[in-house]
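Next up is one chain by itself, shown in structure tokens, the form predicted alone.
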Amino acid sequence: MTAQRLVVIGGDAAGMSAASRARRLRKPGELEITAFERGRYSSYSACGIPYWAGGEVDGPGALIARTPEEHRERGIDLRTRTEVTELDVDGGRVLARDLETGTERWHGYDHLVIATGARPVRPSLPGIDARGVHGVQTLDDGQALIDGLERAPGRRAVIVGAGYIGVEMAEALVRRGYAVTVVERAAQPMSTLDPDMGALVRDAMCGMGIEVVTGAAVIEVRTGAGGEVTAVVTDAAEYPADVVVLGLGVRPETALARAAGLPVGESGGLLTDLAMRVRGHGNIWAGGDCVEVLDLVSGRTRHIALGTHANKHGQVIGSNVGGGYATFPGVVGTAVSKVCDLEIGRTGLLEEQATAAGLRFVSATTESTSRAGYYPGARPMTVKMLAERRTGRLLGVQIVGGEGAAKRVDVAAVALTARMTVEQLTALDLGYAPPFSPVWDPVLMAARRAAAAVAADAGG
């Protein structure tokens, strides 16, 4: 029997999870696996780069789950520094270019996995490619940033963008002794939160000595005589900088797939079915940061770049390619982060997202503490909850507070997945002891207030 050929484009979470799962299910004589990765590393945690930069963890080795050599030992022909430049869907082949030698070669496939990830947003601005301006998407980016920090002539850093990467990098550079300015176009940092919750993050960051500039659009990165960065210029002011870090988010890396005519959604991510098969193509699969996924709350597809999803996508794809059956039902949009001592969690929809989905809702916000108020170490915590009008179905939760705040959002993520109402949420039998929570957990307190808002709205 001739072995089938599996080709994987992308050597990180989704791609190598798919290859590894398929390898476990199918013997080498049944399935030949070739994977292409344009970088030098495989199966690594990009989420750990800010903590590497801040000196909390070692890198890059500590961030690598499995090296290219380890994948090869397990029967996967992983070729690093090799970029796929063209897909021939009708011919069932890909054109791969060796970035070291420049040689190109076509490779045929019976199954194709597209796991090309996402690319950082890098606006076309004067000076944006200057020495000292860094993105933080890959381990190579992380190493370049750390090398740049060691060479920087001073200790002034400007972070452009105040999303997850922006606030995490702000913390990392504060830890390194830098004077940090964060510049954000929106009215508040963390656009993954509603503005009123983002304002809490801003207040906390300012209290940590971070200068937070909002409502400001960057128009130029100013450079010195040697081409090195010297300042970031907005439409209102100029901020001196020895180092600039871009934290403007990412977009799906789907140029290759789009050129081959594969379907993409509104945000540019590949569209798949529940088995992670590209729609309309029985032998092409896609997963990770290059796809859009179903939002179980709104019923729409969204692009959410998270390693948790990518690994699950890979497991699903590998199971299906390997002869089994698995599906990825969707997400509720759960994410956590922190900046210094402040923890941030969210799941479900923001007010703007709920409105865009045509949902009518009420909201409730409560202030509580992470432990019983009399117990040492109790930290303040704010919880905001959205519920659908009339039905009371939970739509979203945001939490900002001290230690113990962020992971409380997991309770809400389960409730969203189960399509629970806020009234049902109030009755959950959560664990209690003074070192862990007040008698009424902050999430349950918010649910009680949201349930009261639903009832009042119905009565009105």
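Quick note: we count residues from 1 along the sequence shown, nothing fancier. Because the structure is a prediction, the values reported are computed rather than measured.
This protein has a second form, the form predicted in complex with another copy of the chain, left out of what is shown; the following refers to that one.
Contact annotation for the candidate site: Thr365, Lys384 and Thr421 all lie away from another copy of the chain in the model of the complex (no heavy atom within 4.5 Å). This chain appears without its partner; in the model of the complex, the one residue of Gly392, Gly48, Pro68, Gly39 with a heavy atom within 4.5 Å of another copy of the chain is Gly48. Residue heavy atoms within 4.5 Å of another copy of the chain in the model of the complex occur in exactly one stretch of 300-308, 115-123, 87-95, 264-272, and that stretch is 300-308.
In the model of the complex, at least one heavy atom of Val331 sits within 4.5 Å of a heavy atom of another copy of the chain. By the criterion of a heavy atom within 4.5 Å, Ser20 is excluded from the residues contacting another copy of the chain in the model of the complex.
With a 4.5 Å cutoff on heavy atoms, Leu31 does not count as touching another copy of the chain in the model of the complex; it lies far away. In the model of the complex, at least one heavy atom of Glu343 sits within 4.5 Å of another copy of the chain. Residues of 423-457 that come within 4.5 Å of another copy of the chain in the model of the complex, judged by any heavy atom, are Thr426, Ala427, Leu428, Asp429, Leu430, Gly431, Tyr432, Ala433, Pro434, Pro435, Phe436, Ser437, Val439, Trp440, Asp441, Leu444, Arg448 in sequence order.
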